[in-house]
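Just one chain follows, in the form predicted on its own, and it is written as structure tokens.
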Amino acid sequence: MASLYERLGGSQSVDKAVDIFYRKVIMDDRVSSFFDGIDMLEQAQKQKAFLTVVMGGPNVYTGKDMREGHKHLVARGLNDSHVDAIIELLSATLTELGVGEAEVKEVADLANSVRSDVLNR
């Protein structure tokens, strides 16, 4: 069976999804403040590499682990409601791109699987 990465269309699809996703994120008052002062091009590259790996594509991710990468955000108040908003925006992005319901759920499940690490619990 093909990996989720392959089923979604590989690197071009991941690139397009992340670009649209971050446009949604920076427009959403629930989560946009966590990205103040962040180089969004660099952030998008990290996210593309991370999603590629977790969805079964080639491993080119060199970023921090989830706990270390989000520790400073937890100190600023990052909580479950923010993670929920991110998953909602990611799901909306994939749906907008015509990704099937089963794959959207699979991506959401992957995102939920790192929730405790992201929130340093």
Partner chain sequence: MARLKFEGIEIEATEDVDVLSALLQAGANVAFSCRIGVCQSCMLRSVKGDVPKEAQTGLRDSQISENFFLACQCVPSNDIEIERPYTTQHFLEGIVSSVDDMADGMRRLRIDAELAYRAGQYVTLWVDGQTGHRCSLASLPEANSPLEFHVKPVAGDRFSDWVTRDVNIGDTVRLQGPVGATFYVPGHTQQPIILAGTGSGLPAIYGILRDALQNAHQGDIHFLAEAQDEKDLYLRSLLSELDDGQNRFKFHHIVRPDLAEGPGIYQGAMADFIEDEFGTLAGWRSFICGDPPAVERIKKEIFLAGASLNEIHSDPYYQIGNPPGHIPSMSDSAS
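All of these numbers come straight from a predicted model, not from anything done at the bench. Residue numbers count along the first chain shown, from 1.
One more form of this protein, predicted together with its partner chain, exists but is not displayed; see below.
Scanning 54, 87, 74, 40 against its partner chain in the model of the complex with a 4.5 Å heavy atom cut-off leaves one residue, 40. The closest non-hydrogen atom of residue 34 lies beyond 4.5 Å of its partner chain in the model of the complex. Of the heavy atoms in residue 103, none are within 4.5 Å of its partner chain in the model of the complex. In the model of the complex, residue 80 stays away from its partner chain, with no heavy atom inside 4.5 Å. Heavy atoms of residue 94 never reach within 4.5 Å of its partner chain in the model of the complex, leaving it off the interface. Along 6-28, a non-hydrogen atom within 4.5 Å of its partner chain in the model of the complex is carried by 15, 18, 19, 22, 23, 26, 27, in order along the sequence.
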